[in-house]
Structures are given as structure tokens and as C-alpha cells.
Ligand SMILES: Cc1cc2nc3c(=O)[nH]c(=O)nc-3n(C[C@H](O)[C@H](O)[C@H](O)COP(=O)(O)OP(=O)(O)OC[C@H]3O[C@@H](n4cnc5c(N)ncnc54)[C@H](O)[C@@H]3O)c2cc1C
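Starting off, we have a lone chain in the form predicted alone, written out as C-alpha cells.
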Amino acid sequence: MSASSSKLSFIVCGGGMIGLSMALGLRQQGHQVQLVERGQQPQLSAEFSLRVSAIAHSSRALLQQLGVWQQLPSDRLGPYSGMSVWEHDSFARIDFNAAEVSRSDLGAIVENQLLEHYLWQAAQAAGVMIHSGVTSVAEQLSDDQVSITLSNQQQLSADFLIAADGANSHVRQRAQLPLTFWHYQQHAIVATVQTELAHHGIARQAFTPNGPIAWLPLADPQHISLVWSIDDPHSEELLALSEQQFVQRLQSFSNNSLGQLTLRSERQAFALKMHYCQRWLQQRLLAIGDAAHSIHPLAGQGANLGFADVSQLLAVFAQPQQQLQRRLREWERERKTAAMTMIAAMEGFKRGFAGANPVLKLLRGSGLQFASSCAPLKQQLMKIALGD
């Protein structure tokens, strides 16, 4: 990345994928950067971790620009060249293939922990000062500077503070940034599953009356990452099932496209909710990633929204400081629009595929058939998946 002619100082709160990418990018531009993270550097395990993200081409381009994507071990990346989407007990189905848009793949499934590990290493090597094992407990904002107090009583000051500390951002809460939110009344159950048949790099998703199920291809040709989003009344029941009973239930929705399934990890569940921060810029505070927005995981675009926040904000800070506040306001408007568009789309998909009403199932089936046969519409849907 090219260095800016005007050097600034930053404090980034949050050492997840988005916060680390932001800190690394700013440091590579020549700015002074400190990062505050409550945990330690994520360590790698021989087993696939449960939390994964579908990294779109746009996000991959940012990570390549940061010099991190090239460092990721290929045997832990799950590029997917196709997508199959269907509705259980219906003729509704649509299939996508990367060749239709002249690409070798549509994206890649990457473990969050893996990506964070290498981003952390790159940030340290670039000169980001990382304060680990601590949190910010108080922030003071003014029109020309920010300062924070850490849980170890250390004081930090900078030109800007960036909140990247997740959906439950304490920095955002203390700044009293107004928030719109609702609960999806669903939990996502995640696990690693071994398949009898090779997944062939195909990401699969089935819509059921109680929520969508995603089978995401991992690097191993016979392992997938499961994300089962299910209505709250049924989530506790699923978690209470034995492994055999759980797999049998999952098998019934799989169309036997992957053969016999075997659970290879524990099951974990987390509540799904949407939130949208109505103000992403307040004096010298900026909110990005899940601190600014969170969406339903059914299209796997949450991380990509956050990486786009980073990419466009880096473009702002790569320029001289003249009219910086105006350009930050423009960034805020653009990213808020993008987030709201995605939130609306996810809500439409969730509501549109909910329930087992026969008339609605017929309409959904007809709609997917039309989208599959209409090349321009299908290509537009694929571009959205690519992050174009």
C-alpha cells in the first residue's frame, strides 16, 4: 500500500479479522497504530475451527493487498467453484458455477481463527503496537483528539479511535451511538461434519420451514462446515439430540448430495440478531465491522461487509488530510447504504423462504426457476456473491 503524505495516529479497539485488517492497512500507509485486544494471538490447531467465513473476491483482494492472503496455508483454504441452493420438499432449486462468470472460484471458506492468526503476525511485523489481554474501559472524545483508559490503567492518545470490537461493542455503547436492532428469533448451530462423498468445492444451502442450513466446503474434500440457522423453539431440541439423532435430522435435509454424514466436532450455538448503528462517525470515533452492523448469516456476507468498511476507509486515510472530515462523512454514507441494502436483502430472503405454506412454496419454486433460466438475473446474483 502506498503511504499517505499526512501521517496520523490511530487506536483500534478489537483484534478480530476486521480490526486487525484495519490496523495493518493503516500501518502500511505509514500511520502510527495501536491495537487493543482483550485476548491473545489466536493459535492454530490441527482441527478445523468452528467459526468460518465465506471470503468474497473483493475481501480477498484487500487481504492480498495487505500481503496476508499469500501467507495462508493452502491446505486450510476451501475455495468453492459452485453453489447449490434448494428448498426442502419443493422443486425450488438454483445452481451457480464460477465458469458462468469466467472465474475459477466464487470465493473461499476460511476459518476465522486462521485468518486472525496471520493478520496478527503481519500487524506485529509491520509495527502495529498491540496491547493484548486488556480492554478499553473509558474513552474521551474531542474534535481533534481521542484518549482511552485501559483496564490496566494505561492511558493512550491518538488522532482517531476505531471501534472494531464486535457486535456487543463497549466502545460504541459508551459513546451512545444510536442503534437499530432486532432479534431474528433464531440460533445458528455450527459444527464440522465429515461427508461420505467429496463436496467437490460446492457450497450448498437448503431452505427449510424453520430456517436455512448451509454446508460449506472446507479444504479437506470430505469435510464441511455446518451452519444451521433454526427458529428458537427448535434450536434447544437440536442441541439436546444425541450425535446420531442430530446427524439423522441433518441427513433428512441433505438430499443425500454428500452421502452419509458424520459429526466431527462439538456443536455450538449462538443467537442471531440484526443491528445497525445509525451513526458511524462521531468526532474522532469511527465504528466498523460488527460494531457498526450485523446481519443474518444465510448469505455469508457479514465478514465481507466489514472488509469493505476497511477497504474504503483505508482509501480515505491514504489521501492528504485536506477535507478529511468531508471524505469521512462520504465514507459513512456509502457504507451505511451498503449495510442497509444487505440487511434488507437478508430480511427478504429470510422471510421469503420461511414457512411451509403450499402457495408460497409454489411461488418460491417458480421464482428460483425463473432466476435460474434468466442469464442476466443469475449473473447479477453471482456478482453479489462475488462481492463485485
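Counting begins at 1, following the sequence as shown. Computed from a predicted model, the values in this text were never measured in an experiment.
Quick note: we don't show the form predicted in complex with this ligand, though the next part is all about it.
- Query: Which residue, Q301, T195, S311, T192, has a heavy atom that falls within 4.5 Å of this ligand in the model of the complex?
  - Reply: Of the candidates Q301, T195, S311, T192, Q301 is the one lying within 4.5 Å of this ligand in the model of the complex.
- Query: Considering this ligand in the model of the complex, which of S81, S254, T135, N210 comes within 4.5 Å of it through any heavy atom?
  - Reply: Flagged contact: T135.
- Heavy atoms within 4.5 Å of this ligand in the model of the complex: which stretch among 157 to 165, 238 to 246, 83 to 91, 96 to 104? Answer to the contact question: 157 to 165.
- Classify E111 as contacting or not contacting this ligand in the model of the complex by the rule of any non-hydrogen atom within 4.5 angstroms, answering yes or no. Answer no; every heavy atom of E111 is more than 4.5 Å from this ligand in the model of the complex.
- Contact flag, R333 vs this ligand in the model of the complex, heavy atom cut 4.5 Å: No, no contact at 4.5 Å.
- Message: Whether R51 contacts this ligand in the model of the complex should be assessed with a 4.5 Å heavy atom distance threshold; does it?
- Response: R51: contacts this ligand in the model of the complex.
- Spell out, yes or no, whether the shortest heavy atom distance between R329 and this ligand in the model of the complex is within 4.5 Å. Heavy-atom contact with this ligand at 4.5 Å: absent for R329.
- Who in 213 to 231 is close to this ligand in the model of the complex, meaning a heavy atom within 4.5 Å? Residue within 4.5 Å: V227, and no other.
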